[in-house]
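Taking the form predicted alone, here's one chain by itself in structure tokens.
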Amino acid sequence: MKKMRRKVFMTAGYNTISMGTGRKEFHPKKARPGLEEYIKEAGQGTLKMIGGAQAVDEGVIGNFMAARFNHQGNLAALIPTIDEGLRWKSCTRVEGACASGGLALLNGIKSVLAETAEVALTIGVEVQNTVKAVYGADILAGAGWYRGERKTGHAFFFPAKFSDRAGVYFEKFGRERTRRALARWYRNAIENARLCPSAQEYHNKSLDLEALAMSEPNPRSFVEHLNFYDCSKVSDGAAAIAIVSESGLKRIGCSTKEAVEVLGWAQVQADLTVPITEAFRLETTERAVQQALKMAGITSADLGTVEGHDCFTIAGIMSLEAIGLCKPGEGPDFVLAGNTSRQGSTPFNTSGGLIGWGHPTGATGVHQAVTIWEQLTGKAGDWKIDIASKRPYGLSVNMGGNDKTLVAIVYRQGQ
């Protein structure tokens, strides 16, 4: 893996509210913001912090399924709606299922490395509450091999895919302690989300979260090995961040202390048409993280915080093992020992993750980067965690499909 030829930073992150069931403002029969409104809010939020559109060389937007959820394509041409000053500038739309946001970040990183941009405005967006959940599940099934898997797939396609993974994991490593760890993961996610005003579960007032999450799965109404609390919710939202070079930082008047430096990254693809052979393992995640850590010159033991792709609680557990924080089968013990909590050795998903903050699919990867930026630069407010000086690094892991498209990025506060 080659080292980067120049320094790359991220700064000026902005998240909209992750809107959906759980938010007090959400009502399925009342008008809500649309795709354009979310893009504008996130984009303008970042532009306000970097001195306006004149500072931007190019725009990148990540989105998964606007063509089906919103009947809207050509999203790159919506970037100029953020500000008149973005008209006539180079803009690109990228897609990689739920890793679309991560791919947008990598597009911006590569443009800065290629010296075709000094400042790239990077946005992720998804508006999914336009259809009923069962129809949305069919749309989201496009993240898998639709022609080869959908006809024989469950009505709730991806919950079923990860339910199957959970079943294999239970059989190989034991159900009881894994089930308790899944419930603890849910509890941590909601407790973190309650501290972050933009999180979808910010208003969640449930008392005994672990007992709630221990509800037995009901395959007659959902899937065999997971319950509703094990799943991320349908979400609308957007996130934006500026990706800049050293000269770009000077242009926008930002010090390195106000930014995070990108030390390593990786994008890994598996073959969408090849079935998973080891369902208890996230092999593509493992490969991506190993490459990103190697480029950064650190190990998983050096990580101070992680934004993981917990589309389902079982994905969160397996990601711990894929990242290398524990051995195969030890993920449940790692969680139950408190290591992933806010006070733990490696705090995970400090604004709630996909289960707590929300999962507007195309926005998730960018939201992860914004969360890392907020934590490493001390801008996280009431949900800030203490980052050990000996482990000043952050990692984001953004997954597309059933561990098929992966983006991993390693960060450190600018020096």
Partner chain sequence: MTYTERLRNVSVLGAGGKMGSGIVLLTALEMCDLSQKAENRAQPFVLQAIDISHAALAGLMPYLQVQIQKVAEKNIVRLRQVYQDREDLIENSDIITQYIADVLNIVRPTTALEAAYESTMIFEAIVENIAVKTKVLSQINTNNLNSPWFFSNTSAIPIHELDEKAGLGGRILGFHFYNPPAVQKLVELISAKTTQSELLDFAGSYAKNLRKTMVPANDFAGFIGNGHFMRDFLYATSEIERLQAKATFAEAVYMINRVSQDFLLRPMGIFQLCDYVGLDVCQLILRVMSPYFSGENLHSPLLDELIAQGVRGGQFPDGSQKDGFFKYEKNRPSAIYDPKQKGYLSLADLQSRCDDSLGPLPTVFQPWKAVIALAAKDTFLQSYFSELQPLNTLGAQLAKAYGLRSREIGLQLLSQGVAQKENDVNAVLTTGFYHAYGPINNYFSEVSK
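Since this is a predicted model, take the numbers as computed values, not measurements. Numbering follows the first chain given and starts at 1.
There is another form of this protein, the form predicted together with the partner chain, and it is not shown here; the text below is about that form.
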query: Interface stretch in the predicted bound form with the partner chain - options 142 to 150, 100 to 108, 310 to 318, 198 to 206, non-hydrogen atom within 4.5 Å; finding: 142 to 150
query: Of Ile252, Ile298, Ala160, Ala137, the one that lies within 4.5 Å of the partner chain in the predicted bound form (heavy atoms); finding: Ala137
query: Interface residue in the predicted bound form among Ala155, Leu336, Met214, Ala76, criterion: non-hydrogen atom within 4.5 angstroms of the partner chain; finding: Ala155
query: Close approach of Arg220 to the partner chain in the predicted bound form, 4.5 Å, heavy atom; finding: yes
query: Contact label in the predicted bound form: Lys132 to the partner chain, heavy atom within 4.5 Å; finding: yes
query: Heavy atom of Arg32 within 4.5 Å of the partner chain in the predicted bound form; finding: no
query: Lys40: touches the partner chain in the predicted bound form, heavy atom cutoff 4.5 angstroms; finding: no
query: Residues in 65 to 89 with any heavy atom within 4.5 Å of the partner chain in the predicted bound form; finding: Arg68
